[in-house]
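Before any questions on how it binds or moves, here is one chain, the form predicted alone, in structure tokens.
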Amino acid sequence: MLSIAIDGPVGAGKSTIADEVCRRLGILHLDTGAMYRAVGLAVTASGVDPQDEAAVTALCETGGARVDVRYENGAQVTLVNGRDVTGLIRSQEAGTAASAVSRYAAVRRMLVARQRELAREQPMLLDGRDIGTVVLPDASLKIYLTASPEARAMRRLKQLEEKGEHPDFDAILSEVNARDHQDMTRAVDPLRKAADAVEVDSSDLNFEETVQAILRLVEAVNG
């Protein structure tokens, strides 16, 4: 059964690229980052400080941040305690909270267990930061999708401008670098390239070129 793991830093385009790759392959895409964002959203909505590991752990262990996913027309719907939060988890606040709570062992245990269950049920592509190294170490194909911090910051800048915002590039670049440092140095399951992963650097590639690069890799391992 085909299983694809895509890891990489924030802003590398993992989710949007993975969506299109899955559409063309006819398989499901599990956006694990959305699950961590959902926990972050649940934590802040409960009035818990995302920096307080003990309080976040207690919330998870008492069922106050139960995350699951379902699929509607092939698209992932992310749920917290049965509530659809798909449209709420892309905020800056949810992303910042997700970066904090993703460091905690209790959060990762809870979500990794569910991610593995889902991946056992059907051919699937999972993207995140520890898929090839922790969640699916035996994946059919492991990809490390990356881009320079400047390229990732510029993409984020354009996304915000399309929403009518007027962000500062240097501020976004600083956030990207800070997030990279936090993700790569956290004590539990840090972001790193799996030894057998193929690196795809999209700094100088457009969306379609990146999709094609990944599809060629899938074809090579899947026949």
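As the structure is a prediction and not an experimental result, all values here were calculated from the model. Residue numbers here begin at 1 and follow the sequence given.
Just so you know, the form predicted in complex with 2'-deoxycytidine-5'-monophosphate (DC) exists too; it's not on screen, but the next bit is about it.
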4.5 Å heavy atom contact, R90 and 2'-deoxycytidine-5'-monophosphate (DC) in the predicted bound form:
yes
Does any heavy atom of P50 come within 4.5 Å of a heavy atom of 2'-deoxycytidine-5'-monophosphate (DC) in the predicted bound form?
no
Just to confirm, R66 within 4.5 Å of 2'-deoxycytidine-5'-monophosphate (DC) in the predicted bound form by heavy atoms?
no
4.5 Å heavy atom contact, R179 to 2'-deoxycytidine-5'-monophosphate (DC) in the predicted bound form
yes
Would H29, T78 and A119 all count as contacting 2'-deoxycytidine-5'-monophosphate (DC) in the predicted bound form, using a 4.5 Å heavy atom cut-off?
no
Would you kindly say which of A98, A139, M124, A151 lies with a heavy atom within 4.5 Å of 2'-deoxycytidine-5'-monophosphate (DC) in the predicted bound form?
A98
Region of this chain that lies against 2'-deoxycytidine-5'-monophosphate (DC) in the predicted bound form, out of 52-60, 169-177, 193-201, 31-39 [heavy atom, 4.5 Å]:
31-39
Taking heavy atoms and a 4.5 Å limit, what residues of 170-186 are near 2'-deoxycytidine-5'-monophosphate (DC) in the predicted bound form?
R179, D183, R186
